[in-house]
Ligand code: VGL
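A lone chain, given as structure tokens: the form predicted on its own.
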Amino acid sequence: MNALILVDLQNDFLPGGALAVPRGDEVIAAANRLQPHFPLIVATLDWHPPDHGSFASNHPGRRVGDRVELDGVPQVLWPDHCVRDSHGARLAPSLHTLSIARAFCKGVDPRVDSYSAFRDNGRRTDTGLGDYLRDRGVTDLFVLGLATEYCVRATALDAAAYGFATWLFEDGCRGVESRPGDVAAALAEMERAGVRRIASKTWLSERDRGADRSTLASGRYLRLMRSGRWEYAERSNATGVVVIVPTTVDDAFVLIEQYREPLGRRCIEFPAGLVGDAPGDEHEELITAVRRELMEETGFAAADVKLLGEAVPSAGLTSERVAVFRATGLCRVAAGGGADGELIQVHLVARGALREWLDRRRAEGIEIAMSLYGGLWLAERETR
């Protein structure tokens, strides 16, 4: 399994911060762009006490940039930065943080600094990150952050030493470069240790092309795919799916009922269908599919069709995305019933009676499609 490590994307390392990395803010866009594509994301935080030994202010007569020995370990002296609980120690406000599973704090011991996310510079105290990743089945680590020749370098080297296949998103890193050549030397050292460098856009484009996917089986309508440990289905004959929430002028919902073979019973749904599934219609517009499916299944034409939103119906089962539309100004011009022997039954149910009607049908052993509940929620939100 892949995991993404966001190294020290904190205010003090951004322009205007106490220890600003030149153009450090430029890595945030890459971090945000990559996050949706990883099953596990962790962040690291410099989290120093005010009396930390790496601060030049705690060494009378010394200046920022001086090199000293801290508890037997060589140490560069820095300005006070990322003091725990301070504004400078917080993650950048433009960084997406809701998907971060856990943040690992480092540099918490005033006697020794900690560049690596895995352990301190004296290699005496472990942060627990290695065990955390192994316990979750991580095999490949992808690293980005600040600064290239310090905390990013140390984290990537330790990741490789801990046995993880390690990748560096080079465009997601920026360096201090206090001495010319420092960044280049750090990149070369990481490469010698087996860390592979890659651009985020290249990695994303390879994912989009399905470089790690294979087809297990393929039929007229579906393909069964494998990607790593995942197996899932995707459409082989359509470019999309639409769900339609139709309402009549007297505020009744138009529902359909049909037998569904995977369930072995009948199911209540909103009208829905595939986009671009007919030969020659591969470039069919969503609106065109909405009007076509509504007419085929219910016999209604709509004066107005509006997109309510898009969602994924079963993220662990299929790559499919569903577009939900509202159809109003209905006029019945045909019998409906579907195509190719679908034998669809059409129901008009008043809004006020819908909950009781669905409860009664469920008690009769009829299934209710989740897309119906989702469509109702989107429609109600749109009318508030």
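Don't overthink the numbering: it's just position in the shown sequence, from 1. Everything numeric here is computed off the predicted structure, so don't read it as measured data.
From this point on, the text means the form predicted in complex with the ligand, which you will not see here.
key: Heavy atom contact within 4.5 Å of the ligand in the model of the complex, the stretch among 307 to 315, 224 to 232, 141 to 149, 197 to 205   = Result of the contact check: 141 to 149.
task = Please check if F164 has a heavy atom lying within 4.5 Å of any heavy atom of the ligand in the model of the complex.
result = Result no; F164 lies far from the ligand in the model of the complex.
ask   = Taking heavy atoms and a 4.5 Å cut-off, does H81 contact the ligand in the model of the complex?
value = So H81 counts as contacting the ligand.
message = With a cut-off of 4.5 Å between heavy atoms, is Y115 one of the residues that contacts the ligand in the model of the complex?
response = Flag for Y115 set to yes.
Interface membership of A18, the ligand in the model of the complex, 4.5 Å heavy atom rule = No.
key: Triple contact flag E293, F300 and R326 to the ligand in the model of the complex, non-hydrogen atom at 4.5 angstroms   = No: no residue has a heavy atom within 4.5 Å of the partner.
task = Note that the ligand is not shown here; using its position in the model of the complex, name the residues of 42 to 73 with a heavy atom within 4.5 Å of it, in sequence order.
result = If the 4.5 Å heavy-atom criterion is applied to the ligand in the model of the complex, 42 to 73 yields D46, H48.
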